[in-house]
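Given as structure tokens, the chain that follows is alone and in the form predicted on its own.
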């Protein structure tokens, strides 16, 4: 290999290595923000250090041998059976290194698996291609009187050890928020547990890390850590009674349009229809009749979240998103609890989604695959909404906080 090419490859490798060391990225495993992530961090640093020393030694020996014993046209050297003392030494040293790495690794794994000290329970369900978060009624989490169901953003109180009970409705997914803990698979028919704890208020990004279909790359998640007081406010908002839009407004028209087009699958708690005789009938979604997984995101308080469509797109404009994400910990809760205001709404992506969701997020590989599922869709279907209907639905959704 020409000398110049070798130097170029070495420089490129070094630059890539340095780029991989960048800190404070949204999914940075080297910037722990919770007790469990810190345990992983404390383990990986010495292991990487040991691996780095081994790499340097092995590389130096290889380079020395390549240069010192390169072929110069000399006759074949005399063959020997080696040196037993050296062979034994080179067996014992790696064994000791593995024992030194293995003991703290096993200890850390057991620490991460602990769940008997958790204070709050949240059920997490993976499906193609979004995450559902179900807060059952419980004494933990400061007390939850009635269940809360949400999606996209997992909201938890700061400094609380939260037990996640993970499962899946369709295929295997993998839940991973690097700054808070390691990854854990979600498997249909099984419940796996994971303990999360966040040190300070903020948003922590994650990603499904098990290939789960066409939109695997579009299956993200965010954990939102709030102070205890802000978490109480969030809970109160989530169980607040439904308020119908003011009669005669665009949002009121949107309520009717939503009921006619979206309520077959999407639940909005408290939404009801009134007959001419005055009889009130709750509008209940039946996603099991239309969707392969049998579930879709609950939209009761959609605009209290920052994302939609499996946390793939932001409900906030870039400017407003940056303001929330980069807020100081003592100011974060107030900004997050504002929800999505009309001036901060990312209307471009939301309109594109309502206009043609399958074109924005791949779902079915072919029409034949859709036929195999009995006509049920995998993800949100194309609804053929008019622009005026989209205006009405957006106006209605803006009031879902």
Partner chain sequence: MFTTGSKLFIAATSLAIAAAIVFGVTNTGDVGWTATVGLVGAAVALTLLTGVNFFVRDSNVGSMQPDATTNSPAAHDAPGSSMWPLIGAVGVTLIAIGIVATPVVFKAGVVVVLATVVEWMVQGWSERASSDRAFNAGVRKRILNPLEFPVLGAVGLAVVVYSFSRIMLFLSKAAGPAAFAVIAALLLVGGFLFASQPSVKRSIVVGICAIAGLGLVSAGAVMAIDGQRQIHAHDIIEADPAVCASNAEAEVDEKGSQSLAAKSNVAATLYFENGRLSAQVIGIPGRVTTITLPRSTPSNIVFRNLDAEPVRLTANLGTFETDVEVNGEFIKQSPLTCTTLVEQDGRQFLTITFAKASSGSLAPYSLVVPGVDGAVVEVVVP
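Residue numbers count along the first chain shown, from 1. All figures in this text were calculated on a predicted structure; none of them were measured in a lab.
As for the form predicted in complex with the partner chain, it is not shown, yet the points below apply to it.
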* Contact residue in the model of the complex, chosen from 128, 307, 168, 151 - any heavy atom within 4.5 Å of the partner chain -> 168
* To do: Select from the listed residues 181, 218, 174, 293 the one whose heavy atoms reach within 4.5 Å of the partner chain in the model of the complex.
  => 293
* At 4.5 angstroms, heavy atoms only, are 134, 189 and 286 all close to the partner chain in the model of the complex? -> yes
* Asked: Using a 4.5 Å heavy atom cut-off, which stretch among 326-334, 151-159, 120-128, 101-109 contacts the partner chain in the model of the complex?
  -> 120-128
* Does the partner chain get within 4.5 angstroms of any non-hydrogen atom of residue 147 in the model of the complex? -> yes
* At the 4.5 Å heavy atom threshold, is residue 163 in contact with the partner chain in the model of the complex? -> yes
* Asked: According to a 4.5 angstroms non-hydrogen atom cut-off, is residue 193 in contact with the partner chain in the model of the complex?
  -> yes
* **Contact label in the model of the complex: residue 233 to the partner chain, heavy atom within 4.5 Å** => no
